[in-house]
Each structure stands twice: as C-alpha cells, then as structure tokens.
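In structure tokens, the next block holds one chain alone, the form predicted alone.
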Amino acid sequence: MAMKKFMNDPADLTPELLEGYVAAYPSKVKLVNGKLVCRAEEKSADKVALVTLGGAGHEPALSGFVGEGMLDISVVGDIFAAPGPPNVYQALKMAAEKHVGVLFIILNHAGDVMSANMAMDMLENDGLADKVKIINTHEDIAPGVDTPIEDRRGLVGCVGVYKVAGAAAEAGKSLDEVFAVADKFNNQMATLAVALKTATHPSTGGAIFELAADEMEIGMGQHGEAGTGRSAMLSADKTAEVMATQLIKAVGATEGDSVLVMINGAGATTLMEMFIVFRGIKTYLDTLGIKIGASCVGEYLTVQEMGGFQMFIAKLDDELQAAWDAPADTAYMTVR
C-alpha cells in the first residue's frame, strides 16, 4: 500500500518541519543556520548550557525539549540520520563561548557518536574542549543488563537526563555539579521498547521492519533494530509486568524505593493503550512496595507511525526527585 503523509517534496522534510516548529513556538525556540534549534532568548552566561544532537523524524524529540529548565541547543540531522560534524561543532562552539561550561548529551547510536567525536576534535583546536563534559545515554537493556554500555542504545531516557541536568544548570550549579547530577541519573535508568507494527521511512515509504498481525517484539530499537525475540501478543497487564520486571531489576529498585516511570509512545499507539499499560505497571509496582514518585505518559521520542511504546524506569533519590520537579518551560514538557 502506498505511503500517505501530509508533506511536500520529500527532499524538504527536515527544513520544512523545523521551520514549522519554530513558527509554532516563537516564544520558546528559534532556528540558527537551518539546523540548530536554540532557545528564543539566550540565558545568562553564568549558566551551564545543555547541547544535544540527533536525527529528525522522532518528533517531538529532540528539539521539543529546548527551553527553560532543559536544553539550550538541539542539533538536528536529516530524517533518522545524525547531523554532520560541522553543525555539531558550531553548536558546541556557540555554547562554550557564551557560557561557563557545556554539558553535551549524546544518545548512544553510532552516527551520533561519530559526529560528536569529530566535532569535539574540531573544538579541541579552538582550545574550548575543556569547557565541555559529555554524557552518553545507553539505557536500553534489550541486549542484556550486563552488556557493555558502548553496545547499549540510548532511547527515551535522554529526556530525563535533559530534565534533571537542566534543573541543575538553571540553579546555577557548576559544570562538574551538573555533570554529577546527570551522570547519577544516567546510571540508574533503564528502558525497554515493544513494537506491534512497523514504521515507514517518510522519504521513501519503505517499511523499517515487518511483524505478523499476531506478533509483538520486546526490545525493539529506535529505528526497528531487532529486539530480544518475537512472541505472540500479550495482554496490556502481562506486557507491563514482563517489561517492568526487567527494568526494576536493571535499576536495582527494591521495596521502599521511589521511581520515575515514563511511557513513551512510538507514534501510532493511543493514549488509551498507554494509560492501560501504566495502570498495569502501577499494580505490579504496588505488589513490590515500590512507589511511583514521578510519571509521564505520552509521545516524547517517536518513530513516525510505529506501533508500540518504550517503558522507562529510573530510580529516584531526593536530589533527582527535586530536579525532576523543578520548573521547565519547553514546547513539549512544562513543569510549574
């Protein structure tokens, strides 16, 4: 069946979506040199800046979280593709020259890491690399909790890192302090994805993967990368229990602990389904005596019209709870 999407020339997808985004939220974001989504109003130079990068096609991520309390700059690549090193370098240079330091948050995907490393080499030549600290998110536990972190993908957990690190930055903390908060959160979070149906690449219409009508796959990657194995469809409650069991073990939460739970829709899963899954998670965590200290349900990092969701859990302490609850004002996450 032919792909049907509201678009113009496929070659113009990324510039047109970015132009539309900044036009829709002019009080929050602006576009610099076509591929850098920046805060509409720059913050004080006394603040640590947060910079991230990633391909388009996952909206609202990543640029939807540029704004007060979260990101300062999002460097955008073409659909499902890492941005080129020159654009990443430009963003880092802008941030490093204007701020006391830069926390550079990278999702662990080969293209993103390569662009980031090349941009950092360029920044080294300017004598600015010492003002940058890197956080690489790698919370996907589908390959196994004991898998080396360099082989684990970054999924929706980046949003939580933006939030807690952004709160620390807005509070005027030093680069070392902002890094410490982000690193702690990064090391006690975990994500699993489940897929029910494929997405298509919006430029070509090609299916990213195939699943039979009665199949599901837990552990699916952000672009349809293979998971831990296909199975027959499970109920919402059983899916929630199977996934949450692995995630709770991964973050080391036990009775009396508090966790952040996020259900991130992949693009074609209804809120009805996501709320039913969240109900299943809460029921399961109640039996373990684990408290949900914070939660969010919606679409934060999507894959076009892919059916499924990502379940994210992070173990919270008082510092991380306060950082999550701190004010933020972005197009797709607001806390007051």
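Sequential numbering from 1, following the sequence displayed. Predicted, not measured: the structure shown is a model, and the values here were computed from it.
We do not show the form predicted in complex with another copy of the chain, though everything after this point is about it.
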Q. Among A180, N187 and Y284, does every residue place a heavy atom within 4.5 Å of another copy of the chain in the predicted complex?
A. no
Q. Which of these stretches, 211-219, 93-101, 160-168, 125-133, has heavy atoms within 4.5 Å of another copy of the chain in the predicted complex?
A. 211-219
**Q.** Interface membership of R279, another copy of the chain in the predicted complex, 4.5 Å heavy atom rule
**A.** yes
Q.
Against another copy of the chain in the predicted complex, would S74 count as a contact residue? Criterion: heavy atoms within 4.5 Å.
A. no
Q | Distance check, E305 to another copy of the chain in the predicted complex, heavy atom within 4.5 Å | A | yes
Q) Does at least one non-hydrogen atom of N264 fall within 4.5 angstroms of another copy of the chain in the predicted complex? A) no
Q: Taking another copy of the chain as it sits in the predicted complex, which residues of 260-278 have a non-hydrogen atom within 4.5 Å of it? Please list them.
A: G267, A268, T269, T270, L271, M272, E273, F275, I276, V277, F278
